[in-house]
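Quick heads-up: it's one chain on its own, the form predicted alone, in structure tokens.
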């Protein structure tokens, strides 16, 4: 099995930086691989510095059409009967750097952007952080439905024998929260929006959990089995703007549109996730994080 990028699974980091980049117009395709080869995996992947590299569909097909995994397509905008949805903001390259502190991570982000400058230009960046030991800015624990760490590779990585083996499909969504509107709700109503208690993150029983609760919409079962994804989202914020950089990995890209359809009222039952009343998706993109083996081949 090809070796996966370890930063996908590394735990214990509190500072994060997300970069999206685009190919420079007219760049020589022969320059792209060697330029990507300037990025090196950090030696420390737990509590130090971690780097995850993911390719957009156009770039992946340009670099290696034969090894591009099935299902890697640009993010398609998601509509909603309520007028809310998820617009596309697709780019060519995505980097996720995370580590022990904002200084270390920012320095690495600057170095990475400089190393890529011959072929790529920066399109977006978002610093983020761990908030109150794994909570979203709403105050609720995030990622409670994640698989255990030892099972995460089975959920996130393309199995051996398939195109892209050892890599992972990535969904990135930039959410902006309306914490003022959410904050005026009584605690009981906040918990009904999420489907869990705020203090100890216990799932509400069926009598208290409405069908519009967030976890009722994003926990998807098919033929009695949960369609799991591996979430690595982190909050971001200033005094003026707060939100969540949603990041999820999956061996199967089809799980992402299924989840979003259920959130935004496009599934058969037409139910809309009530959390969408308090957070706005401002852009989303699809990527593929190749294995380290594949990245080294591209670089050479």
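Residue numbers count along the first chain shown, from 1. Computed from a predicted structure; not experimentally measured.
Form predicted together with protoporphyrin IX containing FE (HEM): not shown, discussed below.
- Shown alone, this chain has one stretch from 150-158, 100-108, 114-122, 211-219 that lies within 4.5 Å of protoporphyrin IX containing FE (HEM) in the predicted bound form by heavy atoms: 211-219.
- The single contact residue among 178, 206, 226, 188, judged by any heavy atom lying within 4.5 Å of protoporphyrin IX containing FE (HEM) in the predicted bound form, is 226.
- In summary, among the residues 32, 55, 51, 275, the only one with a non-hydrogen atom within 4.5 Å of protoporphyrin IX containing FE (HEM) in the predicted bound form is 275.
- Taking non-hydrogen atoms only, residue 60 never approaches protoporphyrin IX containing FE (HEM) to within 4.5 angstroms in the predicted bound form.
- Contact annotation: residue 38 falls outside 4.5 Å of protoporphyrin IX containing FE (HEM) in the predicted bound form, judged by heavy atom distances.
- Protoporphyrin IX containing FE (HEM) in the predicted bound form comes within 4.5 Å of no heavy atom belonging to residue 286.
- Within 4.5 Å of some heavy atom of protoporphyrin IX containing FE (HEM) in the predicted bound form lies at least one heavy atom of residue 173.
- Using a 4.5 angstroms heavy atom cutoff to protoporphyrin IX containing FE (HEM) in the predicted bound form, none of 22, 24 and 94 count as contacting.
- Contacts of stretch 135-160 with protoporphyrin IX containing FE (HEM) in the predicted bound form, defined by any heavy atom lying within 4.5 Å, are made by 136, 140, 141, 142, 143, 144, 145, listed in sequence order.
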